[in-house]
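Presented as structure tokens, the chain that follows is alone, the form predicted alone.
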């Protein structure tokens, strides 16, 4: 059966790169915007009987990119595609997987219900902020962890690295990064105000970083505030240089300026989200390898 890859407007270079890796035909979705802000999409090929892979990231504007993904999937379902796989390099709304305050929506759960209803039978994403919501997806869900590729690129520029996780939630990622780089690691103990969302360091580790190039590792950089705090701490403990590496470079709300002000010399990331002035690695190959794995519920690569 023929496999076809179709790229949404937020597929970037991952769409055509994945198609080449899978030896599949590639199409770009046709999209028309209306004056009132609404839009319509058109699948530019006959999908009947085909295994179709949609590539669509859901970075800002998240709502439009998510709706585009849902529209494409629904069109493919109506066209009687044999199977529909959604490759969503950056999966938005994964932060909130529980209700912290009365009346809040659990957005991660809602996104899973939306994907289920759209006819998507398989989901492939890259390091979601929370893994647990993937269990609510009714089909197969694969989570790609590109830390090895990312650290491989970082290692080319550093001679004496030391890994720092900006909070305890990033400790496992820091361990993996340190193993790949062959160096030590530690983490900060951060807490975030539930109302304002502003983070602060609660407890500081005892390690010093004299002569070290500190690598702050996280799954994403959003506003940059957490990385800024970690960078200032690293320099206060003797670091000679601070770089940061994150899978998803959201880079919102003046994040770039905050990092520069805090002395971060380089930002490493992947192409799940378009990013300027950063060292970017391509995750298309790792996504392609997920298609060769045996079926499973949710798998780390």
Ligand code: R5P
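From a predicted model like this one, the values you see are computed outputs, not experimental measurements. Residue numbers count along the first chain shown, from 1.
There is also a form predicted in complex with ribose-5-phosphate; it is not shown, and the following applies to it.
Only one segment in the set 69-77, 109-117, 147-155, 220-228 has residues whose heavy atoms sit within 4.5 Å of ribose-5-phosphate in the model of the complex; it is 220-228.
Contact annotation for residue 207: none of its heavy atoms lies within 4.5 Å of ribose-5-phosphate in the model of the complex. Remark: residue 95 counts among the residues lining ribose-5-phosphate in the model of the complex, judged by a heavy atom distance of 4.5 Å or less. Although the partner is absent here, residue 131 lies well away from ribose-5-phosphate in the model of the complex, with no heavy atom inside 4.5 Å. Although the partner is absent here, residue 122 is not a contact residue: none of its heavy atoms lies within 4.5 angstroms of ribose-5-phosphate in the model of the complex.
Shown without its partner, the chain has no residue in segment 37-57 with a non-hydrogen atom within 4.5 angstroms of ribose-5-phosphate in the model of the complex.
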